[in-house]
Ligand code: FUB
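Just one chain follows, in the form predicted on its own, and it is written as structure tokens.
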């Protein structure tokens, strides 16, 4: 009996060791198989932007690299993940870094990727090396996971192009949509701007416009559903997410209130809204990762988003459980 008991212990230890080895191999292969919020637990991820392509969701994030206990946004690269069910995420090789833009200095801030005519355009906010302040650049690739390269060789938006804000970081947080064949770029901090893009997606096609939104801070995100345009954004500080609706992408916009409360342990709040396999999702970041999470070491989370019959959006219920696998 004692021998059989020892054998069972040995088998159990071997089983646990094999499971641990399999998990480590999965991470080595780039597969972050985890559940619940935050969805990525081996790195700090921030400023999520997602889009659906084929039967997968591609998620692009900033990478918070500040050392434990240190304050400040230390961000040099953007990350890319993909999933077929919103729960199991595969990390891809780093597809884009600040140094890939010869004109940029540092700070891999918020971004968004969009597809058009078989090309993938990645709009990013970063610090300009020659023109004081933040700027928006655009990279291009033939595949959603890259490799990406600078599509212009220069910034598409620089701080000297918008003069109605006195801060140097008002040109950040790009969000892009193609609507009825016309592409639009939204962006801003303290002021919300938008402009049309040319067919090539790397040049402005007309003047820069400003939208008046109550208590606008940053992080505009534009999406469309059932004939309604939704413009959500970070409001106040610490930031909540508010939103407005319109029947036209150029307004007028009707303010509809708060969508998401302050996300735990993070002063900033940055959202992405998508539909996938019949459900709507609200993707955001908080500072809840146990190791040393906070405002400068953030983590991406996902919860469900629900619409009312009149098109308005119900407040987001932030959870630790997250979402179930999409099928």
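It should be emphasised that the depicted structure is a prediction, and the values quoted were computed from it without experimental measurement. Residue numbers count along the first chain shown, from 1.
Omitted from view is the form predicted together with beta-L-arabinofuranose (FUB), to which the following refers.
Remark: of stretches 175 to 183, 150 to 158, 70 to 78, 116 to 124, the one touching beta-L-arabinofuranose (FUB) in the predicted complex is 70 to 78 (heavy atom within 4.5 Å). With the partner removed from view, the residue among 96, 231, 219, 138 that has a non-hydrogen atom within 4.5 Å of beta-L-arabinofuranose (FUB) in the predicted complex turns out to be 219. Contact check for residue 187: every heavy atom lies farther than 4.5 Å from beta-L-arabinofuranose (FUB) in the predicted complex. Taking the partner from elsewhere, residue 297 is found to have every heavy atom lying beyond 4.5 Å of beta-L-arabinofuranose (FUB) in the predicted complex. Taking non-hydrogen atoms only, residue 286 never approaches beta-L-arabinofuranose (FUB) to within 4.5 angstroms in the predicted complex. In the predicted complex, beta-L-arabinofuranose (FUB) sits within 4.5 Å of a heavy atom belonging to residue 268. Contact residues in stretch 78 to 113 (any heavy atom within 4.5 Å of beta-L-arabinofuranose (FUB), taken in the predicted complex) are 109, 110.
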